[in-house]
Each structure stands twice: as structure tokens, then as C-alpha cells.
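In C-alpha cells, one chain follows: the form predicted alone.
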Amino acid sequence: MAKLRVGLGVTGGIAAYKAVEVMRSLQKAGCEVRVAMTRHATEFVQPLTFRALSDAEVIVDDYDPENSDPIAHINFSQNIDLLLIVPATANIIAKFANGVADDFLTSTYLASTAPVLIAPAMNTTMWEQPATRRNIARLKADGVKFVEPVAGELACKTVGTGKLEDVENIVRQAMWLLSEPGAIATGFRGGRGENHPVGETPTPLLRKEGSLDDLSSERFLITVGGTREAIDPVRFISNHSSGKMGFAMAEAAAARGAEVTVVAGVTAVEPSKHINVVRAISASEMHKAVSERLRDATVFVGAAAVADYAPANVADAKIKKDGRETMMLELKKTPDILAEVAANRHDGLIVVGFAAETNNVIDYARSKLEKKKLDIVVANDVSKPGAGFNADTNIISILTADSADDFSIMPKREAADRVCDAIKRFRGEHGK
């Protein structure tokens, strides 16, 4: 069987060194990888690195006197099964979207009939700029697929969305795209119907578990972060939830085509601006926000750490400590949002809960699944290193009534994709 051929385009960003890891992983998966670089990319990684690892010429400028092929952008583009751009800068995305062909890589894009997968990496502000969003929308309309960036600390020391997705997930998405029936045979880029023979209907990229639009028929409603229950105008009861896992779920579902609405409490991170976020600080506010929006959802994910109890009486003014050695608070139960959603679900709604525990994790999670009549529970031991609050990684187990899958430590964005896989699988198996 012939090897799958990947054209790897590398552009000028600090994440360019990750392209080396992508190339090596693709090679281990049995792919033949050819590399094209922009001039700015060579300031971060030398072409010699890719040439030594691929044993093939690395093209930066097809007009370079040392280039053996005077029309390399044509021959390169016509002999690949996938064009993968890692990392993709805002600049290259803008050029692709507007048909600019002023270097080898942009000319290759215009000359290629292969599917295209782009993994962007840039500053959060650049990622969220209206111009960038328009360019991405244009490319998506043209059938280009994206492995969207994740939230984290960026090279510029700011925290936000723009960090290159994990190498493992980029390669996983590339391999899924390569495995799609019709993608290689027709070179079909979704919206670019001109790539099929005259008189034939192109075979679209099929939706399957893990493909980039396999959740496009779903509407997610996700609760995120912790809640604050007021004691007085100054003090409150809360917890350590950062919202990182919930926002990772939102990003993963949105990247796979789902319509996503987040009801967010107090969080330590901010989501991408292209995700619809409704703020709800207290448990009662979150309950109200969920109730108002649940009817339109097909998947509910309760990732928020909602306070189980709130002060029964909230003081109108700051409570003074003068003369007090102790203070007694009477607490009342808050609405159990997850249980209420499951008990009053409408037809077709999948209900997913999270169980953050410190001991007997699987037993407690299984009990939660059964008592609240959930479809899926995601359990994690928050006492373990790398799985606690505010961590960028997680260690999860995904439970249903008849299955349990355990996963080792991984980035929260990757863990979120595993949960999305489970949701997609549950939908298919149970016909909900």
C-alpha cells in the first residue's frame, strides 16, 4: 500500500519548532512528509533540520538558484494527499483567505487540490481580531479544516486562547482527515466542488468520531467555573474551580462544529470571544440561566462546581467582627442543576456530569451516574498531581451505565476531546 503523502507548511511563529514533532509523528504513522517553509519560519527553525529528518529537499523559495525544480509549487502541490500548516500565523491565514500568492507556500495553497488542515498559533488579541475571524470564516466556507488553538500561557507571557494545539491532537486530526473516504480520491475541499471530475458529484468529507465537524448537529449547553454564595456584601462562600476544564469542553465542542453556549460562574481564565458566554455568579443565577436555555440544547454538560449550600440569610451590610470569637452561618441547599436537568430532560438530550473527588473516585462517580440518572459521568481525583484545580492537565475516567474508560494524564483540551468522543459514541449507540 502506498504511503500517504503530507505536505507540511511551516510559517514564522515561535511554535515552529513543534512542526518538527508533527513531522516525526506523521512519519511514525506511516506518512511520507515533504516540507515547505516561509522565510520567516527559517528564523525559528533551520530547513536543515527538516531535510535531515525527511531526507528530502525543503523548499522555501522556488526561484532560489539552488532549487532543482523551477515549478516546484505546482509539482509539490499536485503530489500530496493533505496540505497541513503548522503553525499557521494570522498573516498566512489572511493570505490564504484572500488568494495572495507571493511566496512558495501561498502559491502551493492556490495550486493544490488536496484537503487542507490549518493549526493556528498566535497572540490572543490577534486570534480574536474581527479580521482574523473573517478570514477563518472565509476559509471554512472554502472547505478548509482547522485544529483551533487552545487556552494557556503564550510566548508573550499573556494567558488566553492562541496556543498551538497539542502535537498529538494535530496529528490525530490529520490522520482522520486522510482516512476520510473521498478526501484523497477526489481532492475535495468541502466547498471547492471544482475539484471533482466533470459530471460527477464530489464525495464530501464524512463525519465520524473525532473528525473536525462530527458534532455539527449538536447544540451544547455547558456550565463552567465555581459559584459564589454571598454572606454579606463583602464575603462569600466559594470553591477552587478555575473553569479551565469547562472552557476546554466548550473549545473542543466548538472546534468540532457544535453550537456552544456557556453559562459561566467565577473563572480564572477567559474563553475565546467566538463562544457565547452567559455570566451567572451564584447557584440560583446559574440555575435560572440554564433553565432559560435548556430547551434549545441537545447536550448538557455540567462542568461547573456549583455550591451545594448557600447562606440562608444574607446580611444587608458587612458583618462586623467586633466582640465575636466565632460566627455561626445557617446554610440552605442550592438547586441541584444537574439532577434537575436529567430528571426533566426533553427527548434527545444527552446529560453529562463531572465528579471531582478526593477518594473512592470511581465509586462516588458511579453513584452520581445512577442517582441522578445521567448518561455520562467524567470522574477525576483532584488530589492527584496534574489533576487538581487550576492545573492545565487532567486525569479522567469516563463512565456510562455499561462502560468505563480510564485515561492517563493529558492536557485538559485533549481530555475534553475524549469526552466529546464519548458523547458522539453515546449518540450513535443509543440513538438519542
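Just so you know, these numbers come straight off a predicted model, no measurement behind them. Residue numbers run from 1 along the displayed sequence.
Only in words, not in the display: the form predicted together with a small molecule, which the text now covers.
Contact with the small molecule, judged by heavy atoms within 4.5 Å in the predicted bound form, is confined among 233-241, 306-314, 135-143, 102-110 to 306-314.
By the criterion of a heavy atom within 4.5 Å, I337 is counted among the residues contacting the small molecule in the predicted bound form. For W127, no non-hydrogen atom is located within 4.5 Å of the small molecule in the predicted bound form, even though that partner is not displayed.
Though the partner is left out of this view, G302 does reach within 4.5 Å of the small molecule in the predicted bound form, counting heavy atoms only.
Residue contact check for T223: one or more of its heavy atoms lie within 4.5 Å of the small molecule in the predicted bound form. This chain appears without its partner; in the predicted bound form, the one residue of K372, H40, K384, R366 with a heavy atom within 4.5 Å of the small molecule is K372. Residue A356 is the only one of A342, L177, A356, A97 with a heavy atom lying within 4.5 Å of the small molecule in the predicted bound form.
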